[in-house]
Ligand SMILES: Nc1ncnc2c1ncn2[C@@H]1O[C@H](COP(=O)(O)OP(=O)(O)OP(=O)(O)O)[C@@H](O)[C@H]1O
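Quick heads-up: it's one chain on its own, the form predicted on its own, in structure tokens.
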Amino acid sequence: MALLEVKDLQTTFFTDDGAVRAVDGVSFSVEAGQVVGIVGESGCGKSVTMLSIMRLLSARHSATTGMASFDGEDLLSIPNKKMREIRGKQISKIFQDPMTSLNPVYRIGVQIVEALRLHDKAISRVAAFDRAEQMLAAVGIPSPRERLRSYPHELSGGMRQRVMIAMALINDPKVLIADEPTTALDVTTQAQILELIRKLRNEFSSAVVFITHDLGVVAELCDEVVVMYAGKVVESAPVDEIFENPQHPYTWGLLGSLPGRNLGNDRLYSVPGSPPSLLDPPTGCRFMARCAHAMSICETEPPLEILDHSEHAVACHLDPGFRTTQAIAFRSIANRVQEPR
């Protein structure tokens, strides 16, 4: 049974120019101990999807509908007080930029302890600091007791990100949301953070939702993949299926743009054009204007997500046989992307 199940999630922002449907009918599920990757270019709705589920968007300027069931409760309809008890305790989030997420005027220890004592009123201050020290050690920070007295600017980017992970895990959450936690880090630190998340997933049995635009990271870490484009899910499947049998033209574009893995071409491939404006999205397929295989039906009829076979869904008008033929060309990419590192 899914620990977190999202069905037909829709989030609309109200702007001076009109209503923007940033998330439009997104559905996926996450089981305990599973890592689900949400992939897509900037602005596709990945982060907004998770902010909607955690109810971190302004109710004055946005509206969210659909269902987000966590442990049998719909997060979108429970009272605010109950949501505050769940947020940070049972569902935690690692934000993309730790320098802007950590308060620069408070020491690291104070900020971690605050996250713990907010949800555990009975724990003493001494016990809370001991727990914070243990978590810093668990995420690989040397001399954790000394680091508790440090300010954020005194730590490197990788260390700050580890602090954010420790803060997110301090209450032993059932679901951990990681919003591009390695984007601003160097390659070596990125590999360390990914290994850390994998290790902690195994130790704490947390479900992980990993938001990224990097398919190389997805190949290393994720069990399931949800590909988003312009607010919609265009393909979802187990990670091996996405790389060995990609079925959507947008997924083909993402795979083709991986450095050194673009079908033998010396130049990097990029998907032509730009995403459509969500103020006035296309009537049919939102990827139509950028798709090399677009047909007349794509202009007028939005493709429905269909289950091609067990656990692999795709929203595309192309003939299944043609999609499979195209997918074969990307299997060599899959073999190289998923090589052991």
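This one's a predicted model, so the numbers in the text were calculated from it and none came from an experiment. For every residue, the number given is its place in the sequence shown, counted from 1.
Form predicted together with the named molecule: not shown, discussed below.
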| query | finding |
| --- | --- |
| Per-stretch contact check against the named molecule in the predicted complex, the hit in 283 to 291, 299 to 307, 36 to 44, 64 to 72 (non-hydrogen atom, 4.5 angstroms) | 36 to 44 |
| Every residue of M99, Q190 and E220 near the named molecule in the predicted complex, heavy atom within 4.5 Å | no |
| 4.5 Å heavy atom contact, L9 and the named molecule in the predicted complex | no |
| Partner proximity in the predicted complex: R87 to the named molecule, non-hydrogen atom cutoff 4.5 Å | no |
| Any non-hydrogen atom of T325 within 4.5 angstroms of the named molecule in the predicted complex | no |
| A315 within 4.5 Å of the named molecule in the predicted complex, heavy atoms | no |
| Of E133, D214, E180, E114, the one that lies within 4.5 Å of the named molecule in the predicted complex (heavy atoms) | E180 |
